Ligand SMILES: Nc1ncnc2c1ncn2[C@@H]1O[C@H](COP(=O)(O)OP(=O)(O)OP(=O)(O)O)[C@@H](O)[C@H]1O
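Below sits a lone chain in structure tokens, taken as the form predicted on its own.
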């Protein structure tokens, strides 16, 4: 296993019109030995370019990559002691599964008998030991992906890279493969960097999540932290489904005031001081849909609205509400037993500790939770 460090890593592409496109913008990050880190972000944010530079398949414009403190920026992919699984499984269709897995050791000086033993061991680990004599076209998508994982892991790499390996699988198979990947990492605790656009994969698989946008790291933290303690509005809005509800707010007479809210949100003096220190302009108040609680006490309610549409998800129902006196729509998660009619009115409140406050101009978090003046994690 290796500790992976990226220092001021940048990749700039030259465009045909003479311009430039910055795909990765001065990234500095450390991925600890044995850590399973997922890189997530919108399409075009630089995820795959970042991974390919670590793999040695893309040359950085500037910056340095280190494995265990040793620079590897100028070392070929074969010399970096890593393995990679791509979105396209890329098995040889005319070779058996056994031969495909053996290919992972093609450039290693390993005796023939040991190769056979390691192939059978890896096939058993990923549950395809009975398929070794079949060819990829005879396998299901999940079986092919297991074969690709075995081919990569048989090298016993220091660093294991995966570029959206589950994106072509159906929803049920994705769920099964996520579990298997988690189990594989427990068996082979390699330093793993996993790129995906699917935040559910990022949240369920990882020890740590890197959220990228426009080639820059927005936050690196454990999954629970990027959800409960986002460092900026981008992370708050990108992580979580349905997305967080955001309200324009101002600090007035010791309370947060927003046109969309039925009443002001009183806050402690210590937090008022922090707000004045951190925010020069307006504020944004964020409340996640599942942190809103239904109430029938009008004096307690912060939000009131009528149902526009609703979505039954099985374990919850998502209400799309038009707020009272506005054309503003928010989303609220309620129990699946709630089956409303269009136009039904609901009132909601929220716990101060579940709300998030951001500087409207910079997007930076001022506090996660309004009950105490705590900075973002």
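Numbering follows the first chain given and starts at 1. Quick caveat, the model's predicted, so the values are computed rather than measured.
The form predicted together with the ligand is left out here; the points below concern that form.
- Note that among 345 to 353, 313 to 321, 330 to 338, 44 to 52, the stretch whose heavy atoms approach the ligand to within 4.5 Å in the model of the complex is 44 to 52.
- For the candidate set 102, 231, 158, 164, a heavy atom within 4.5 Å of the ligand in the model of the complex is found for exactly one residue, namely 164.
- At least one heavy atom of residue 21 is located within 4.5 Å of the ligand in the model of the complex.
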